[in-house]
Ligand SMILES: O=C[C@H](O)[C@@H](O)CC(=O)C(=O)O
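What follows is one chain in structure tokens, specifically the form predicted alone.
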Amino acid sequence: MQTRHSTHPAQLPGFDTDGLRQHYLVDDFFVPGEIRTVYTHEDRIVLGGATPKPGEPLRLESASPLRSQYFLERRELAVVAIRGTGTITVDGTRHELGTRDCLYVGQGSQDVEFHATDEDTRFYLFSTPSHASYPTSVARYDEVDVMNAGDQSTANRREIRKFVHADGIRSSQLVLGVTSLAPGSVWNTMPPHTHDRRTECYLYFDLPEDHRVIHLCGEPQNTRNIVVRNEEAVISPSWSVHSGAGTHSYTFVWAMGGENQAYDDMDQVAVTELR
């Protein structure tokens, strides 16, 4: 498990390209036969990737930064199958996931194993501290409500699906969903926003290998950008905008942890205010 320390807004303008990527980009999640995780001090979030091979399950273990007997002793977890299909076993109970389906695993679950059905099965993991235990639950991509946002004239037409939230799968503090851009649209979350009470992470996927997303970060009046490839994630501190434009349409998992679970608790930033 890697560790990323928190940063102050005043630090960001001093980072060069490598510095920005070192602090905010996670680019090595998915390695066949491994679970790779990153522990960020931003709201104590853990994000990671599990890439089991068929017939070779992977078990989620605790790690030194957590100081716990097992991974979910004081945490909760959401998993999205971003590629392929597979099974996640939680304390002996099997949960089948199709592509883009989500599994929530509550605090106190001790034995979590990932099983691949396909050669290219990939699971994205997002975990936050938890102070209450909620039932392990599955949300199907094709069954959750769809919220349409944006417009083709501004190149940000998109479908938003909320999986773990106040009116969906219940959790202690974790909030997670998936947004898919319409063909011809490239902008996500534009106009952008910040939310001082939560850290948010984006995992970009379904982006062709020869295309990129230009992800904006930093304070609204002092922005920087990170060039992101397929299946890479960006950590956005609560003071930072988080928005991006791709050279091709794509999908992303957005996930948050922090003070509350109110989806609309955000501070909107007008496009004209960006610098």
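Sequential numbering from 1, following the sequence displayed. None of the values given here were measured: they were computed from a predicted structure.
Keep in mind the form predicted in complex with this ligand is missing from the figure; the text below concerns it.
Remark: all three candidate residues (Thr189, Phe252 and Met266) come within 4.5 Å of this ligand in the model of the complex, counting heavy atoms only.
Though the partner is left out of this view, Tyr202 does reach within 4.5 Å of this ligand in the model of the complex, counting heavy atoms only.
In the model of the complex, none of the heavy atoms of Arg140 sits within 4.5 Å of a heavy atom of this ligand. Contact check for His242: a non-hydrogen atom falls within 4.5 Å of this ligand in the model of the complex. Contact annotation for Gln107: none of its heavy atoms lies within 4.5 Å of this ligand in the model of the complex. You can rule out all but one of 77 to 85, 156 to 164, 94 to 102, 111 to 119: in the model of the complex, only 156 to 164 has residues with a heavy atom within 4.5 Å of this ligand. Proximity to this ligand in the model of the complex, defined as a heavy atom within 4.5 Å, singles out one entry of Ser185, Thr136, Gln173, Thr179, which is Thr179.
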